[in-house]
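We begin with a single chain expressed as structure tokens, specifically the form predicted alone.
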Amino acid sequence: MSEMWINMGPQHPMTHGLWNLRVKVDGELIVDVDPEIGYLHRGIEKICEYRRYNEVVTLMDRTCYVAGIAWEQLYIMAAEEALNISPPPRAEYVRVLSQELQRLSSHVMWYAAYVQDIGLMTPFLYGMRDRDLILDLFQSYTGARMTYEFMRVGGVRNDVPVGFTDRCRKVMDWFDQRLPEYEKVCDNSTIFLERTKGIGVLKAADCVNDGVTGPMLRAAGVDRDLRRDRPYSVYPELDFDVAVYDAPDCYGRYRVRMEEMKQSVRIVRQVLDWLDRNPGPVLAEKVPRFVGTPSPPPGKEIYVERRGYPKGRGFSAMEEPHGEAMAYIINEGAEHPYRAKLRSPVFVNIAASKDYLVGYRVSDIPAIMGSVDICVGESDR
């Protein structure tokens, strides 16, 4: 049979977003792939140059719609370094709380969507039910369920409300009971095991060569997590284990995410205990007013240099739910970033698709690409 190219996307159940996977097939066998993104590009990095520092936070929520608060902190850490501003300790703990709740929410969303793709309906209902509990927590202290606009240069917008820590502990207790149930449903399913074990293999050496990070890298046996290996915020003060699995296939990525959810619950409990014992401010005292004041009306000059204000550059890297995300901010003493550059882990993981798709069959594509956990918003930016 002659070879031919087929399109899976840009609007296709497999893509989990607006992108296109061109696949060259010989019958049912995949012989080449060509991922195409750009359908969702919004020019976020350029728009950052026209917004004051705190106004950029709104854009970060839209960068990844299932991990918005992670991208908020990524940008804020780079902006704080560029502006030479340090947040108070309580703000750092609230940030870590937000990060781990977001990781839990993101992985539960992945679990629900992924297992349904493979053919199991019950886990989808479990996952969406339990994700709502996390979104309720976010809503209680940020006022939103997905687009939070919570981080600020120098800290966070507000503290958690009275009674939040007890409510959050109850949700963590619930997840302690549910996570073994998630695993039981999958590990006892012949359909799930046959569609994930030995499928979509990307070995450790290939992960490193391609720049693949996150659960895909750790599933290949590489013990790397920026929360421990390049510590930021207050992660060095917390006790947790890095989830690693020695099976560089779809099943291994599932196992890593299951363990990461358990570790997130463990971290959240430690943070809640600290918050109960240590009251204090959640925003630095000396934050330049222009950092958060509204932008001028359209047509007015936006580049206003603040004479005497120090210039600087900021770089941040963090373990976002999908992998290693990075941000680079240049401060030229103006009211807004002079340049902003973001590094998306999903962009790199998609770019490596040829290494883990070629040799498998078309019917394996939903299982393989689902295991990557794609968020097209952060890939296109």
Partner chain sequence: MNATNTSGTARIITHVKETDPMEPEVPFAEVEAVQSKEYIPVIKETLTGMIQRGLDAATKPVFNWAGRNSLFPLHWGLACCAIEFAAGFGARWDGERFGVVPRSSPRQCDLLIVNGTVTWKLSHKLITLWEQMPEPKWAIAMGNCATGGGPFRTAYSVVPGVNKLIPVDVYIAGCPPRPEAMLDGILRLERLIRERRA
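Numbering follows the first chain given and starts at 1. This structure is a prediction, so every number in the text was calculated from the model and none was measured.
What comes next is about the form predicted together with its partner chain, which does not appear here.
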Of 264 to 272, 94 to 102, 141 to 149, 182 to 190, the segment with heavy atoms within 4.5 Å of its partner chain in the predicted complex is residues 141 to 149
Non-hydrogen atom within 4.5 Å of its partner chain in the predicted complex for each of P10, F124 and D132:
yes
Just to confirm, I30 within 4.5 Å of its partner chain in the predicted complex by heavy atoms?
no
Taking 4.5 angstroms as the cut-off for heavy atoms, does G38 touch its partner chain in the predicted complex?
yes
Within a 4.5 Å heavy atom cut-off, is L18 in contact with its partner chain in the predicted complex?
yes
Looking in the predicted complex, any heavy atom of E237 within 4.5 Å of its partner chain?
no
At a 4.5 angstroms cut-off on non-hydrogen atoms, which residues of 58 to 76 are near its partner chain in the predicted complex? List them in order.
L59, R62, Y65, V66
